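One chain follows as structure tokens, the form predicted on its own.
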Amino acid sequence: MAIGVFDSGIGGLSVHRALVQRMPQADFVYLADQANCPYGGLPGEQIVDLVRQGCIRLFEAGVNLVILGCNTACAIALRRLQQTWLPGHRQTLGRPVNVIGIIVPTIEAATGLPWEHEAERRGERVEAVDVVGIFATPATAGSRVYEIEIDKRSQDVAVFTEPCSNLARLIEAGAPQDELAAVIDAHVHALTLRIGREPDRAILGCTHYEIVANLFRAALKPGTPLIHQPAAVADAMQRYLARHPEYDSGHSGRRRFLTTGEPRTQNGHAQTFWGEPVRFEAA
């Protein structure tokens, strides 16, 4: 068996690489839905259907645990699939399978609190002592998942999300650095105006953004900490597998890369995410 990583494109390779580095003996299958990338501007029902089809394809490839390495997929589709589709599909397959996401580990890293923690409700909301800025796709921003879930766990944190309309598409297309820097500068400026000051910390709420983390650092106030999803997910996955031995991660170190787009060797940004050129097979 193996662990599956699903993303709309190549951004999830940043999460995949962190997982492989943490668990080099495990078997992994990566699926990029490049035929429909990016998800950020798609209708919710279409995103749910695309994620479901991606999970089915990974289960067919011998995966028993799928990690959605895509914030938009997690924000829009994960809970619904877990509640309404996955229980019946487990019975159909006749084996333990699950689908989990990357937002939970990110929120745990942002708050320093376990997912089960709930903030004590106060009569009046205290003045926030910590302002977190989230840069995300419009779909993730529209879901308000970060605002809602962080507020459940800590009332001392104010969360502001900036929808970055075309940034993932530009990154996936290999746009030049100066063009990406201008777009990122504009989004950081817009978020700062909305907050009224610079954020104390920032979350790159799309796995594509990890590849341009240096441009976010340059645009943000010097020294602003960035919460990196790949490391947070790798930490959480080790803990999860220790609690759930029923999900066999394999032991041969096998790596497969599937795409709904054109099967070929991809370099450029894919190579930057993964560390070397990546050969994708047809999904």
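For every residue, the number given is its place in the sequence shown, counted from 1. None of these values were measured; they are calculated from a predicted model.
The form predicted in complex with a small molecule is left out here; the points below concern that form.
Though the partner is left out of this view, V212 does not reach within 4.5 Å of the small molecule in the predicted bound form, counting heavy atoms only. In the predicted bound form, I134 stays away from the small molecule, with no heavy atom inside 4.5 Å. By the criterion of a heavy atom within 4.5 Å, I203 is excluded from the residues contacting the small molecule in the predicted bound form. A residue is said to contact a partner when one of its heavy atoms sits within 4.5 Å of a partner heavy atom; G40 meets this definition for the small molecule in the predicted bound form. Shown alone, this chain has one stretch from 255-263, 269-277, 6-14, 21-29 that lies within 4.5 Å of the small molecule in the predicted bound form by heavy atoms: 6-14.
Exactly one listed residue, out of V188, V159, A168, A110, brings a non-hydrogen atom to within 4.5 Å of the small molecule in the predicted bound form: A168.
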